[in-house]
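We begin with a single chain expressed as structure tokens, specifically the form predicted on its own.
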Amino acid sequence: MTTEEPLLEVRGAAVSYRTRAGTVTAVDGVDLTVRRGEIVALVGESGCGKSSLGRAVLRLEPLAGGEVRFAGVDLGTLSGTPLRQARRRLQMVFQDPQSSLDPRRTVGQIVERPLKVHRAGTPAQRRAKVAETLDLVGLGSRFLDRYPAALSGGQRQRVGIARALVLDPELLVCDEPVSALDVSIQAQILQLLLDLRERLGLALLFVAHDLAVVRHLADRVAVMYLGRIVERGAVDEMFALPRHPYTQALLSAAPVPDVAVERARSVPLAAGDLPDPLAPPSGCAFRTRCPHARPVCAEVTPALVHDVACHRQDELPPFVSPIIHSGG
């Protein structure tokens, strides 16, 4: 499904927010690529900056530094008509399907809205496109006149996906699209996204806080901590042998179905919560929670070397993921 040419290139991206208490750097010098037809998952705890990065890709948040290139074009240089044309090619699926849909509009009106905004087609052509797209996400034209309040959570999210697809984009940014859904519904939506990738050749930037959710979805994973990517790589390799202590902590926190494995496994959980983003730790931001931290970790910010940002990556004991070991 993938080619070597990057569809999306993020270079040195930075996103900052001004608050009454000071300036928060939500994204700090992130590099990321997504190739055509590829699914890249962006994973980390709440507050790590992954959603800010996803929104910055779509220019819903301004960049404080760096650039975002789509199909070789720097989106930061576009405005007016060229920007609107570029935005047709990359769309977003939001986290909460209830709050992201206008309760006063029907499903047909919600899905048609992007076509109207971009002045695409005649009314008859738009109606046909909406019906076709609803079929594509497993709903069908019988939902055209229904309101969001009459739908289940999974059906609402399918409407949100249809709204994103109706302009025939090449890239979807999915901001935790299953976190508000029941586990059984999550699996259905994830399978729908996989099917759409196969049928349409879509690329996805999939934002999530749970590594287990993306194991069967993504081709590659990038793990974020306090605005920076600390590890990235192929999904199978990262699940089999995670190298950064934070990635290990995320995996160790994921429940596994095997009771024996659950009881016997070593759990290198990260202590405490995310540091205050207004006053991040010096050096490695994860050092205040890391069981392997040494003085150098407080003095020097680790670079992303061999796809891992850890001073001690060659010294740490091997870690076998409990999810892999349990077959979960």
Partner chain sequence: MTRPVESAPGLRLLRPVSPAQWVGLSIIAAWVLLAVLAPLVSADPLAQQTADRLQAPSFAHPFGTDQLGRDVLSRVLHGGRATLPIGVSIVLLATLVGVPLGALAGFVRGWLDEAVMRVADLLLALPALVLALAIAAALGPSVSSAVIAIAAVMWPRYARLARGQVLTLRQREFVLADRATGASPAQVLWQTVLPNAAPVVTLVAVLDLGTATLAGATLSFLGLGVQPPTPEWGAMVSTAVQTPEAWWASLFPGFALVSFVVAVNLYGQVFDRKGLGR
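Positions refer to the first chain, counted from 1. All values reported here derive from a predicted model rather than from experimental measurement.
If you look for the form predicted in complex with its partner chain, you will not find it shown, but the lines that follow are about it.
- At the 4.5 Å threshold, heavy atoms of L251 stay clear of its partner chain in the model of the complex, well away from it.
- At the 4.5 Å threshold, heavy atoms of L101 reach its partner chain in the model of the complex.
- Proximity of D145 to its partner chain in the model of the complex falls within the 4.5 Å heavy atom cutoff.
- By the criterion of a heavy atom within 4.5 Å, L151 is counted among the residues contacting its partner chain in the model of the complex.
- Only one segment in the set 236-244, 197-205, 122-130, 90-98 has residues whose heavy atoms sit within 4.5 Å of its partner chain in the model of the complex; it is 90-98.
- This chain is drawn without its partner chain; in the model of the complex, the residue among L167, A71, L78, I185 with a heavy atom within 4.5 Å of it is L167.
- Taken together, V230, G283 and H311 are entirely out of contact with its partner chain in the model of the complex: none brings a heavy atom within 4.5 Å.
- Looking at 114-144, the residues that come within 4.5 Å of its partner chain in the model of the complex, counting any heavy atom, are P114, V117, H118, F143.
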